[in-house]
Each structure stands twice: as structure tokens, then as C-alpha cells.
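Below you'll find only one chain, the form predicted on its own, shown as C-alpha cells.
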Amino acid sequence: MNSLKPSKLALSGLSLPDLIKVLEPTQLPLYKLKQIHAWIYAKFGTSFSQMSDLSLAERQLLDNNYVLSVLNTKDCQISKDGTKKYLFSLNNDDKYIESVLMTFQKREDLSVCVSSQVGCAVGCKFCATSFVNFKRNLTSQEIVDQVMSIQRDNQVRIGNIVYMGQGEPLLNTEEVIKSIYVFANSVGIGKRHITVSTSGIIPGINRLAKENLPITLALSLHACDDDLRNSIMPGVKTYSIKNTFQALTEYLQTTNRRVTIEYVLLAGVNDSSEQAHKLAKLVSKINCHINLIPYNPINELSESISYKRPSIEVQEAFKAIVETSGRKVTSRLERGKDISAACGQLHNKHLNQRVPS
């Protein structure tokens, strides 16, 4: 795939109104513009030459002045379980982002985990993206085109979107909201099949509540007292757990949508019975589902990283205590463990980064 030239604009990832605006200089009739939109979103078109319902002159006009994708595939790793981890470069500044295609044996529909930023400012110490550092927000087009690029590459339709890749979605709230509408209206993915994960950015949670979208909101909690949480998630110390759960309660009251609580289990750090009892007490107060996540080691990135995954026995004991809350508790089914599937791992590997201890 050729890099985007300054004179060429990308079309994939745009809403229909934005696509019509970008293609206005072509003076093509509206029905032709809708045909182009259909080739991008319904037919997984990989080039303008495929658009057989356009004349040869019209296809050449598009090829001379536009490109399809705003992304270039720099790397793709495939797991033995079918998971695909993509490293994309962004055409306008050649920075890198990651996306993951996930398949599940018991599900027909496919899921894609998308990035919302280049790097991340939250700095969670167990996450490989923290070593990338924050560079910039992604545009809605760059978010959506991650899914379209994967659909074009695999010629399959994606059924679920999770904003759990690089970046904090609610530090880029407006572009994330805009991309949700494009996923729903152009890509054809129902809003109920979209999950936005946040580390607990309260203004973003309030903004999502105001939009009242029927999506799933997931909170990355990872500790049940502020001191411990701030030590492993330094970017959220502005927002106390008490205030964050108050924002979740107000979100629930507005949207009537059950939220998900995500909790990464770190051996000897946040997997104690004390933390489990605190978590059970916290979640008993709101309508939620708890997703326990065994730590995915990233120790190759820095000699200073000492986090480990708890034993199966510790994981099961933790889960049993949290289940006393009466809420549904699941352990995340791991995908792509044999490749660089965790957020930021492939990005760091490509940049050959290693942080000194």
C-alpha cells in the first residue's frame, strides 16, 4: 500500500456526509458517491479499480486524487488461536498504532480491539503502551479505518468493537463518539456491540452519559483503594475511586446500561483476599459485570518490571470472594498469548525499545 501523498486524501473511515464533502471537487452525482461509500463499507473494496459500477474515467479520477486507507500495515503477527495483531503506520505523520482481530471458537462474530491515541498519557505500569508515551489523539477516521483495513485484509465482516487498544478513549472523547456513529451508520456495527474502556476519566464518563449511547462502558479499576491504584495507574490520581463510582452510578441512571469492571490481577500486588473483599463491596452497589484479567507479562520491555501473573489457585480464590457480591464474575479468555498481543508490545518491539532499569 502506498503512503498518502500530501495532495491525496483518504476516503476509508469517513462518514457518508464527510465522504460527500471530500469528494465534492469530483462533481460526481450523489448516487455515484453512495456507490463509492458502499464499495468501502459493504464490499471491502481494496482499490478504486474494483469499483465496476463507476466508469473507467471516474475510477481514474479517484485514483489520481485520492487513496482508500489512511493507514499502512507495517507488521502483522498471527497467533495459533487465530488472533491477529496489526501494527499500522499513520499516513499523515508515520506514527504507529496497534489493532487486534480476535476470533472465538464458540462465536461466529469477530471482534476488533482499536486504538484511540498514539501512545497513552495514563502510564499504567503493567501496560506496554506506557513505554510508548503519549504522542497525539487519533481522528475518528483513523479509528474507523483500523477496522476497515482489517476487513479489507481478511475479507470478513467485523461484528464487535472494543476501544481497548493504545490510548485512553475518554481523553479523546469527541473523536471516539464520532467514530462510534460511523461504525453504526456506515460500517453497520450496532452500538450495543461496541465497548469503550476507560481508566476512569470522569469528565469523559459524564460526556458519554450525556450522549446516551447504548454502548457498554468498561472501567479499568485494578485496585480498590486510591493509594494502591495510584501507584500502578499514576495518570488517574485526579479521580478518586469514590468519585469514579459516583460517575458510574450517574451513567447507569442515565443510560440504563450495565457497566463492566475490569481488574488485572498482579501477583502479590492487588490479588489479596483483602482486595477481593473490597472489590466485592464496591461492585455490590452498582449494576455491573466483573471481568478478571490475568496479567500478560511485558517484562522484556524493562528490567525494572517485576509484575507476575498469580497462580490459578489465587485467581480462583479471588474470583470466589468477588462472587459473594452477587454480581457476575468472569475470567477473561486470553487471546494471542504466543504473539505480541498485549497493548503496546508490538509497537515497542518494532521501535526496538527497552527501558533501562
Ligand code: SAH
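These figures come from a predicted structure and were not determined experimentally. Heads up: residue numbers just count along the shown sequence, starting at 1.
There is also a form predicted in complex with the named molecule; it is not shown, and the following applies to it.
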Classify residue 293 as contacting or not contacting the named molecule in the model of the complex by the rule of any non-hydrogen atom within 4.5 angstroms, answering yes or no. yes
Applying a 4.5 Å heavy atom distance criterion, does residue 151 contact the named molecule in the model of the complex? no
Taking heavy atoms only, is residue 288 within 4.5 angstroms of the named molecule in the model of the complex? no
Indicate whether the named molecule has at least one heavy atom within 4.5 Å of a heavy atom of residue 245 in the model of the complex. no
Checked 262, 75, 211, 226 for heavy atoms within 4.5 Å of the named molecule in the model of the complex; positive is 262
Just give me the single entry in 164, 280, 215, 90 that has a non-hydrogen atom within 4.5 angstroms of the named molecule in the model of the complex. 164
Counting only heavy atoms and a 4.5 Å cutoff, which of 272-280, 176-184, 76-84, 190-198 contacts the named molecule in the model of the complex? 190-198
Within 4.5 Å of the named molecule in the model of the complex, counting any non-hydrogen atom, which residues from 204-243 show up? 220, 222
